[in-house]
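Presented as structure tokens, the chain that follows is alone, the form predicted alone.
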């Protein structure tokens, strides 16, 4: 809601809420959700008129909705009229859009009720204390959509990115191919307004991006009216419509405009003209989570406005299919599945997709924080058999610290305590390391059958190998290694890792007199030092 501010200066009449009983009673919880979707980019998360788009609204800065004295001058009907008709509808700022075509009367009432609550909050201090890093990290993990691929504590999974099921009717093929190779921010305020959701970089090769593009560009809706083919009426003036609808309040066009929505100067390179016309008619029909108001224009006017945008932007020639399309689309569909793209790009009514990443529910018990920080900055394959890949999110140093602090709190409070011996510190004497190397060798536990870092290369193809044991010292906590050796299934149900010490008589009797607790400790200590020896320490 661009400027409930200037637009709220509707009347100087002192009025009360009395006399507005014909307005539907509002639900403040529903109003808050609508406010966050449609209003925060201009009015700010707390209603103080400090949203990220506010500095770009020229002289029409958004009203501070927490100003109790000002808000007391306005009736609920005043607020309803400006929300429904916009600033232009009541003779005020044209940068305040009309939401009457987008929100139902009940939803308008919900927003009014929530807006009222903003001015009734107790006075906040000048500076609020910063969120603890772990709390900020939990919010960031949710907004980045990490729970789409990973099970993480009790965090719910929710779609954080656009539905791609009709992408072929929307995007230009060359733009999509380039974007997949180098993702960048298209919506300055984010797909979910004011969240830190973003398209990650999956480090696709040119061949992979071409395959993915060939698949996505085939996803098209059926039975949709081709609005772009509707002849614009002679009197329809796209430029005048652009000005009347105050599109520049949210979009850059001709090097001027807001920072709440995509840059329209590049619209012809990115979008198909027919799709733009359809979107202008009803944004929520194209994307139910779109924060753009429905402008309430006719099909011919939508075509005229679309043509105006294309005439004033840099265009690129369309690229049609080639002979490789069928094969590449098939490969692209497999890549879309393997990379778990549906974890983020799914319809709101879809069930949570199958998790494809490691279970992070108790990752704080397992990983060293310093290793995790390095991994979050520059992800790399850890499990060769996992076709999904950890994308690069381009996290800032502060975001890395927040996510790491949150993940470090995820611990299993129900783990039974270890015996005093298994809590003992590590040792690196030659005898201990030699005993650990013997246990890991093919003569005994044969760790190198699956892992790098043993006495020889693993068996089978490389894409089926288990994690490299030479990373253990930097990556894994010593206590977790002990628990993993004791009972892998307790820590990760369904793991392929066998349990070598299920009872007191399981370990080999000719190493350390068959003392299994000591065998587990020397095996742990061996794993903690082999990273210093590239070929392992096997005999």
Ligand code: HEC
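In this text, all values refer to a predicted model and were calculated from it rather than measured experimentally. Residue numbers count along the first chain shown, from 1.
This protein has a second form, the form predicted together with heme C, left out of what is shown; the following refers to that one.
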**Prompt:** Among 109, 145, 453, 299, which has any heavy atom within 4.5 Å of heme C in the predicted bound form?
**Reply:** 145
**Message:** Which residue, 358, 427, 353, 312, is the contact with heme C in the predicted bound form, using a 4.5 Å heavy atom cutoff?
**Reply:** 358
**Message:** I'd like to know if residue 70 sits close to heme C in the predicted bound form, meaning any non-hydrogen atom pair within 4.5 angstroms.
**Reply:** yes
**Request:** Find out whether any non-hydrogen atom of residue 61 is located within 4.5 angstroms of heme C in the predicted bound form, and reply yes or no.
**Result:** yes
**Asked** At the 4.5 Å heavy atom threshold, is residue 495 in contact with heme C in the predicted bound form?
**Response** yes
**Message:** Given that heme C is not shown alongside this chain, does residue 290 nevertheless sit within 4.5 Å of it in the predicted bound form, heavy atom to heavy atom?
**Reply:** yes
**Asked** Along 243 to 268, which positions have a non-hydrogen atom within 4.5 Å of heme C in the predicted bound form?
**Response** 245, 246, 247, 249, 250, 251, 260, 261, 262, 264, 267
**Asked** Are residue 211 and residue 464 closer or farther apart at their Cα atoms in the predicted bound form than shown, with the shift being 3 Å or more?
**Response** farther
**Fill in**
Cα of residue 485 vs residue 464, shift of 3 Å or more in the predicted bound form, relative to this form: the pair sits closer
